[in-house]
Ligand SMILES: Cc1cc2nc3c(=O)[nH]c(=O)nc-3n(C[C@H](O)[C@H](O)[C@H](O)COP(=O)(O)OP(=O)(O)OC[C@H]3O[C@@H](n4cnc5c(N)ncnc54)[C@H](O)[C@@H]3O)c2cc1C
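We begin with a single chain expressed as structure tokens, specifically the form predicted on its own.
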């Protein structure tokens, strides 16, 4: 396993990563991106085991519902880089159980890769969403053939890929890029049916980063995003060579969607797990700010918070259902229930804005206008700011302002905007969850039940 310092040192490997127009040669030393490195390094140290054969619990393959239930809180504690690494490993396990009648070396390569990544304690990010070009056209019909990542050359010892993957969280901060098809492919699109592992520092890989992290000298009004942020990467593969041992699919169009669907399961499980804690945080802030405002006893405030509690409880229930109803694959790996994962992820994402709306309605305009910490420290206006932000002898104005900072940062500023979009889009948009829910819901049984209470039988139905 790696220590935090060893992780930092591993990022100084010549990777071509860019931020706001400049190439960043030393990620750990960068004043903004280095914060992400520091936080990830802290999680390495937190879970470090010096035993020579130790494997991080963050990279473990769950074998039961109890394993799944224990893994998710660890991943939430360790942050995004742990989440994306775990879901990459679980994706390969899921794919291996779903692929039949393909080259056996694909399955062997995936298993070897999983074992090697666990031993080396690396971090992996998933590259799935292509540039896509004209969304009304299929990959093979694009004006620019590079709109989807494709194989441009097959050589004796490997392949060469070209294209770009967008919206890749933490792309610059891991070691490998799990590059897989974003959708199903049809005959004639063999070159787009490619799945492989690419080192971040491979020749021809370039990553353009963006982040919601605040650009303020005083980050005290950003209590969340000022400490933890995960930049997004625009990952470009400019004729990148990938050796055969790192290629898991090359040309088999019928299996292109297997990778996307498998990743979707684990990404949505991770999103659902995060929704559970996020929903509780929103409820907590709503109650705290209502108490600070002196409105906690007002009926419509209580009703809004009750509705938020119900939504938070249903999200938690769907996660528990997904875990408790897990299935065990042929090699003993546990997989969450697809119906409950997708229905829960849909419900959480579709109702997130409602919870935020209630929170903003309860909190009031001070979410945006509360004086900054430096204002409270000012000798001329500090006492006045504290006086007029107070709502009574037992509510300090500075305390109430700090609640407002956190609510604004979480829901109404750059990080809040990032959350609003990624809650919808992570693991595929709402439509994707509808499709999978419909696929796994027992509609025939629902119809039989309806016919039965109507006094009809299946033979009566047209």
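These numbers come from a predicted model, not from an experiment. Numbering follows the first chain given and starts at 1.
The form predicted in complex with this ligand exists for this protein as well; it is not shown, and the discussion that follows is about that form.
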Subject >> is_contact(residue 135, this ligand) in the predicted bound form, heavy atom dist at most 4.5 Å >> reply: yes
**OP:** Please run the contact check for residue 250 against this ligand in the predicted bound form: heavy atoms, 4.5 angstroms, yes or no?
**Re:** no
Original post:
At the 4.5 Å heavy atom threshold, is residue 405 in contact with this ligand in the predicted bound form?
Top reply: no
Original post:
So in the predicted bound form, does any heavy atom of residue 169 sit within 4.5 Å of this ligand?
Top reply: yes
Original post:
Just one of 28-36, 43-51, 394-402, 419-427 has heavy atoms within 4.5 Å of this ligand in the predicted bound form; which?
Top reply: 419-427
**OP:** Identify which of 293, 287, 211, 129 has a heavy atom within 4.5 Å of this ligand in the predicted bound form; exactly one of them does.
**Re:** 129
**OP:** Only one of 274, 146, 232, 190 comes within 4.5 Å of this ligand in the predicted bound form by heavy atoms, so just point that one out.
**Re:** 232
